[in-house]
Structures are given as structure tokens and as C-alpha cells.
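We've got the same protein chain twice here, in two forms, each standing alone as C-alpha cells: structure 1 and structure 2.
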Structure 1
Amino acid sequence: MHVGLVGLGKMGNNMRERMRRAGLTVVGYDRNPEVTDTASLAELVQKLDGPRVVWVMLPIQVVDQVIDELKGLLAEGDLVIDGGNSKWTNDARHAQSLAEKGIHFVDCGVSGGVWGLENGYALMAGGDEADIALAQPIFDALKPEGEYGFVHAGEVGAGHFAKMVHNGIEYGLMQAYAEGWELLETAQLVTNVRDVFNSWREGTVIRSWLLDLMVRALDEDPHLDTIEGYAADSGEGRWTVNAAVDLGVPVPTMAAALFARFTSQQEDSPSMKMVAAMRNQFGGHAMKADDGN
């Protein structure tokens, strides 16, 4: 099978490799001449047989534009798959726009990070049954071996929605483990916190892949001295909390995890300035933090 792949960054590049290992013929396009297989999107489209399948693996900021370009280049019956971290609310718009020329659309959430090349990528796809079937060889190439790792989650938008919720859960899980680690490090009752985490990898209720990764991180740096306590957020955590708020679903741990990241991103916390200012006002302190009475 032939597939066009637009976007050869860290994820796209590895995905091209995994597809090729599975025997697919991949034509990749990227603005970076060092990694691209073709000089242009137009050339990429020309190199594919119909019905053409083009997988878009790009940052959300440029997806609109690329899908517009593909709309001009592709023909009726072709299929565009948005595999990037796009917001699920964009999917219906993209599907409708492409449908004006009879081009089909599937959204696909992808999880796996740098481990995907070897372990396979988890895929959550949204779209019509026939479009999913057309792309199935690609999904089969990318997904992990075994019975898990791919799901047809529902109509257009459902793939990115499922991936968004996946990431919301991920935020909560990471924060919970991190709190536990901080508590053990701070209490200093446990002699070797890394060894405790390592021991938890079998037999416990909390064993998981993230736990394995924590031990890897602690093996590299036992007290994380070289790591700054700064955690970026990719957008999907925000969308998850916003979606939950819109739906009236309480998500206290997801929100707590997101807010912890927000705080980590601040040089100084405006809200805590105000809390300190109020304390100064009723405590009679000078106008800066002093003894905290």
C-alpha cells in the first residue's frame, strides 16, 4: 500500500520508519529538506495511486492550511487522515470542507512518544467505517503487535476526543505519582525512594508503564537534581478540562494536575502575591514577605 505522510518531525519521522518496516510504501513531505522525500505537497500527491491516502502529522497551528492545500490537490474518493494533536472540534470542519470535493476524512489520535517506533503506536480513529477500512493497513503497521492499541472510536471527531481524554487521564496519573514521590522524598523515612518505586513494578495496584518510566528517570538522576520543576502543557489537558466543564463533569484531579503545571510555568504567582498582600494588610506586616506570621 502507498501512503503520503505530511510532517516528518520527531513523531512523523519515526512513524514513516515503522510503516516502512511493515512493508508500506511511504512518500513523506516536510519543509525540512533533510528529511523530506518530495519537494512539495503537489509532488507527494502525484506520487500516490488513487484512492490516495495522506496522513497529516503536524502541529495544530498549521493543520488548517495544509488541509486547505490538500483539498486543492486531492480528488474525489481520496482520504486525508489527521493524526496530529488537533482539537476534536476542528475535525467536523475539516471533514465538511474536504467533503465539498468528495474527499474523505478520518481523525486519529496517536499515543506512544519516542517508544512508538519499537513498541507501536496506540491509535484512536474517528470516521466512517469504509474510510477506516481503507486505512486499516496503515493502522496495522503503526499499532503495537497483539490485540490492543487500535480502536475505531466513533464518527469524525471521536478519535481526537478519545486521545484528548487519554491525555487528561495522563495528566492526573503523572501528578498522582509525582505527589507520592515528593512525599517520600520529603518525609525521609524511606532510605531509598528509587528502590521503593522499583519494587512497585510488580504485584502492586499501581504498577504501570509510567511507573517504569519514573524508575528510568530516577536511575539517571536519583533525586532529579538536574531537572527543573517546570512542566509545559500541550493543549490537550486544557481542552479536556474545558470539555468537562462544558459537559458538567467534575474532573478534580485532571484540573489539579493542569493547575499544578500552570503554576510551574510561572516565574512568580500573582495569586500568591495577593494572598501575601492580604496577610500583610490584616497582620500589619511590612509590604513584603517577612516572617510569615
Structure 2
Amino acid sequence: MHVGLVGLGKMGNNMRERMRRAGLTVVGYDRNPEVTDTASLAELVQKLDGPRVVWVMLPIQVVDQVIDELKGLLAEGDLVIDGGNSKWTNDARHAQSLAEKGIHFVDCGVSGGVWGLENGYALMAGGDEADIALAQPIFDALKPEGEYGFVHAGEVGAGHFAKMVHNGIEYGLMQAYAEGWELLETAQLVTNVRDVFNSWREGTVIRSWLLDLMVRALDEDPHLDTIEGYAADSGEGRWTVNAAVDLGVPVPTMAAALFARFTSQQEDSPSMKMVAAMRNQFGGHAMKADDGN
């Protein structure tokens, strides 16, 4: 199967490699000449066999522009997949616009961060059954080995909505772990905080990959001395809380975690050091050190 991949950043580049390892032919385009396979979107489209499938892995700020350009390059029966962290309310608009030329659209929430190349990506897709079936070899290549990791969540928009809620849950989990770390770190009674967390990785109800990453972060910096207590909030955290307000669904944990990130952006917060450390571990996010680097 031939796939066009637009956007070869931290995740896109690894996704290209994972698909190639699975035997798919991937033609990539990125503005960075060091990673791109083609010089333009037009060249990318020309190198694909029909029906052409183009996966867009870009920041939300440029998705509209790229989908509009693809609309002028693709033909009836082709498929565009938006795998970036786009807002779910934009998906119906993109699908409707592309449908004017008979081009199909699928939205896909992707989770896996910088570890996805080896571990696989959790994929949440929204769209028609036939479009999902056309893209299934791509989903199979990207998802983790085993039974789980991919879901056809529903109609167009469902994939990004599911990923949005996933990120809201992620906010809450990270905040709880981080507050627990701060409490243990502050209590003089506990002298080996790192090993306490390490002991929880087996046999407890709070074991998780995030907990594994916490211990990894503490191995690198036992007291997080080089990390500023600052954590950015992605759009999805805000969208989750806003959607909950619109639907009348109480999400106090997610809302509190979002507001904690707002607090971290105003002053150095000890618990936010751990949130920042975990984000760096799974997503490769840059951390602000005390020296300003």
C-alpha cells in the first residue's frame, strides 16, 4: 500500500518509519529539507497510486491550509486522514469541503508520543466504514501488536473527540501522581521517594506506564532540580473541559488538573516539576531548566 504522510516532526517521522517497517510504501513531505521525501505536496500526490491516501500529521494552526491545498490536488475516491491533535468540531467542516470533489475524510486521534515507533500507537478513528476499511492497513501497521490499540470510534469527529477525552484523563492522572510525589518529597519521614514509586510499579492498583515514566524521570534527576515547575496546556485539555460544560457533564478532576497547569505558568510549582518531567518522558517535550536552556 502507498501512503502519503504530510508532517514529519517528532511523531510523524517515527510513524513513517513504523509503517515502512510493516511493509508499506510511505512518501513523506515536510518543510524541513533534511527529512522530506518530496519537494512539495503536489509532488507527493503525483507519487501515489489511486485511490490515494494522504495522512496529515500537523499542528492545528496549519491543518486548514494543507487540507485546502490537498483538495485541489486529489481526485474523487481519494482519502485524507487528519491524525494531528485537531479539534473535533473542525472535522465535519473538512469532510464536507473535501466531499465537494468526492474526496473522503477520516479523523484519527493518535497517542504514543516518542515511544510509538517501538511500542505502537493507540489510534481512535472517526469516519465511514468503507473509508476505515481502505485505511485499515495503515492502522494495523501503526497500532501496537495484539488485540487492542485501534478503535473505529464512530462517525467523522469521533476519533478526535475520543482523543480529546483521553488527554483530559491524562491530565488528571498526571496531576494526581505529581501531587503524591510532592507530598512524599516534602515529608522528611520518607527518605527514598524514588523507590517508593518504584515499589508501586508491580501489584498495586495505581501501576501504569505513567508511573514507569515517573521513575525514569527520577532516575535521571532524583529531586527534579534541573526542571522548572512549568507545564504547558495543550488545546485538548481546554477543549475537554469546554465540551463537558456544553454537555453538562461534571469533570472536576480534569478541570482541576487543567487549572493546575495554569498555576504552573504563573509561578514555579514543585508538583508541576513532575508533570513537566512526565510530559518530557512520553512526548519529548522540551523542559525549561534553571539556567534558562
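Predicted model, so just to flag it, every value in this text is computed and none were measured. So that the term is clear: the rigid core is the largest set of C-alpha atoms that superpose within 1.5 Å between two forms. All residue numbers here refer to structure 1's sequence, counted from 1.
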key: Panel number for the form predicted together with another copy of the chain   = 1
query = Taking the rigid core as the frame, does residue 22 move its C-alpha by 2 Å or more between the two structures?
reply = no
task = Please check if residue 11 moves between the two structures, taking a CA shift of 2 Å or more relative to the superposed core as movement.
result = no
Displacement in Å of the C-alpha of residue 275 between the two structures, rigid core kept as reference = 26.6
